[in-house]
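So this first bit is one chain, no partners, the form predicted alone, shown in structure tokens.
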Amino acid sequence: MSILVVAFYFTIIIPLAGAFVLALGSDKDRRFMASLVMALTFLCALLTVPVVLEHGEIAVSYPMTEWFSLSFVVDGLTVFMAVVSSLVAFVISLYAGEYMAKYSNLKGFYFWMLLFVGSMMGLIHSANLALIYVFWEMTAVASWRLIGFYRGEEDVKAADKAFLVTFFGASFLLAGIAVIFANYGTLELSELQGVAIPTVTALLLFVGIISKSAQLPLQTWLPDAGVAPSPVTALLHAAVLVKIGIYVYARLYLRTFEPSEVFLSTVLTVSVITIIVGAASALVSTNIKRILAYSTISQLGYIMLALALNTETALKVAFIYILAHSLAKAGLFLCAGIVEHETDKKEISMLGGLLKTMPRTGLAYMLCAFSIIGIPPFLGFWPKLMVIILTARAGYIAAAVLAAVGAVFTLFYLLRFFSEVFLGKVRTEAAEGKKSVMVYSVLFLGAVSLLLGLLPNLPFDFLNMVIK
């Protein structure tokens, strides 16, 4: 095998091995090494792009038992998810180096962060349902420890809630996997392609998916997870964790199984309800992280709505939405982290006038917010518009109208956030560092959201090349 073909192995191995290596160094070394590990992971993900462009798909399998194999696949879906997730995770690691500098127990923080990213990379490359489940649970354990990093009573309760809700969903996922093996005698995705699984089995898997990606009614853990450090909330809410369920849905229902119309109608209904309830909750929340968490729930509803349409065009639109949301929502959570870091406050009623003392943070917030809202020419505009159009063209007019209403709600709650936190009377003293890596990290994410929005053909053409 050429070095390019084996690059995907290193996409998984580097962060997993890095987690254990970093446990041996000093806190100062860990800050640099964590970013280096993330950078190398991103580089390896990029190296898999030419492999997919040349071969379309590469699959390898190492049988272990009758039902379990170390089976991996590299194709357009894995490449896109690996590149996007590792890029945003790299930026978050740079931000974390400054944000987390004042805390102790950084060994645990960086260990679990890298283990989390490595588990994500393993999951997206997995081509065996049992292997997917193994990495699925590894991400659950890592996120449980990250959410409860501060170890206070509230932090531990939030971490336990996240773990229990997602484990509850994972139990249904495992039950669905067991039913599939009992009925078809294999867990290899390559051997299950085209199988029309029963609606009940599909729904078992779907419960696990919505628990991880925080869709109604299993979304309650995500807002509470805001007690974690801001690099963690950005990583979990935007870049990696909540996208796992989205990715697994796309892998199973648009690339492997043939879902029934009843199942697809159920997914579409859940998605639309999630859009509206998530956005409405954000409208009435007063905690800056909870506002953004409810926003994440709502925005993931748009992605699931696109996937529920079950077409190739909708699949590509959904993945562009993943890109737009990963960049901009990570930026918004990191902005909230800067505000919290400098003011030690989370309630919007205790904040105000920060644009005077934190202008670059305010600018970064608006760059990212415009993309999430869907204001042209930012990247988030294109997939949101296309989701609504595709939904209407498919004949789901009511769903399209409600999705448009959700977009209006998004405008209201994100502008309300900006108005309450950055405009008006100064209620608390704060200042951003002139050479703050945190600020420049967020500005980078906002700038990329604008640049890709001005050049929308770039991500769409890339998807057309790798997803066939």
Partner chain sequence: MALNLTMLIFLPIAAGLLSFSLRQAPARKNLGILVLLAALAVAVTSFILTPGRLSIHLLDEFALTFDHNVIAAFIMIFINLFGLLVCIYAGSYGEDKKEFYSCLLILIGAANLTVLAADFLLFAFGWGTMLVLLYALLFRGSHETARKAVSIVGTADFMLLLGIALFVALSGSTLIPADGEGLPIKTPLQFLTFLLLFAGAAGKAGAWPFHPWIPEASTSSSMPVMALLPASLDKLLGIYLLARVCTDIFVLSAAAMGVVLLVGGGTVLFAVMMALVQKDARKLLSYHAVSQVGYMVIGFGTGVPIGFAAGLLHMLNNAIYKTGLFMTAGAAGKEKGTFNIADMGGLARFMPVTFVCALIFSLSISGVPPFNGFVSKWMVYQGAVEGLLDAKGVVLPAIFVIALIAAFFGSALTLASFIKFIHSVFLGQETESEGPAPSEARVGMRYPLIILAALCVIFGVYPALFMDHAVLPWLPEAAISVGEGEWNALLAFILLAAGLLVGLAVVFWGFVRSKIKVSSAYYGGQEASEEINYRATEFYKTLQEISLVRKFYGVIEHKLMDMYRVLTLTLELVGTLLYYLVDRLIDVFTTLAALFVLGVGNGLKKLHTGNLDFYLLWCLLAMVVILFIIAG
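Given the structure is predicted, the values throughout are model-derived calculations rather than measurements. Residue numbers count along the first chain shown, from 1.
Same protein, other form: the form predicted together with its partner chain, not shown, and the subject of what follows.
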None of Asn105, Thr343, Thr220, Ser260 but one has a heavy atom within 4.5 Å of its partner chain in the predicted complex; the exception is Thr220
Checking Ile388, Val73, Leu189, Leu268 against its partner chain in the predicted complex, the residue with a non-hydrogen atom inside 4.5 angstroms turns out to be Ile388
Which of 270-278, 94-102, 344-352, 181-189 lies within 4.5 Å of its partner chain in the predicted complex, heavy atoms considered? The stretch 270-278
Counting only non-hydrogen atoms and a 4.5 angstroms cut-off, does Arg427 reach its partner chain in the predicted complex? no
Exercise: Arg393 in contact with its partner chain in the predicted complex, heavy atom 4.5 Å:
yes
ask   = Might Ser26 be said to contact its partner chain in the predicted complex, defining contact as any heavy atom within 4.5 Å?
value = no
Verify the contact flag for Tyr253: yes if a non-hydrogen atom of it lies within 4.5 Å of a non-hydrogen atom of its partner chain in the predicted complex, no if not.
no
At 4.5 Å by heavy atoms, is each residue in Trp136, Val141 and Leu305 next to its partner chain in the predicted complex? no
Residues in 394-418 that come within 4.5 Å of its partner chain in the predicted complex by at least one heavy atom, in order, are Ile397, Ala400, Val401, Ala404, Ala407, Val408, Phe409, Leu411, Phe412, Leu415, Arg416, Phe418
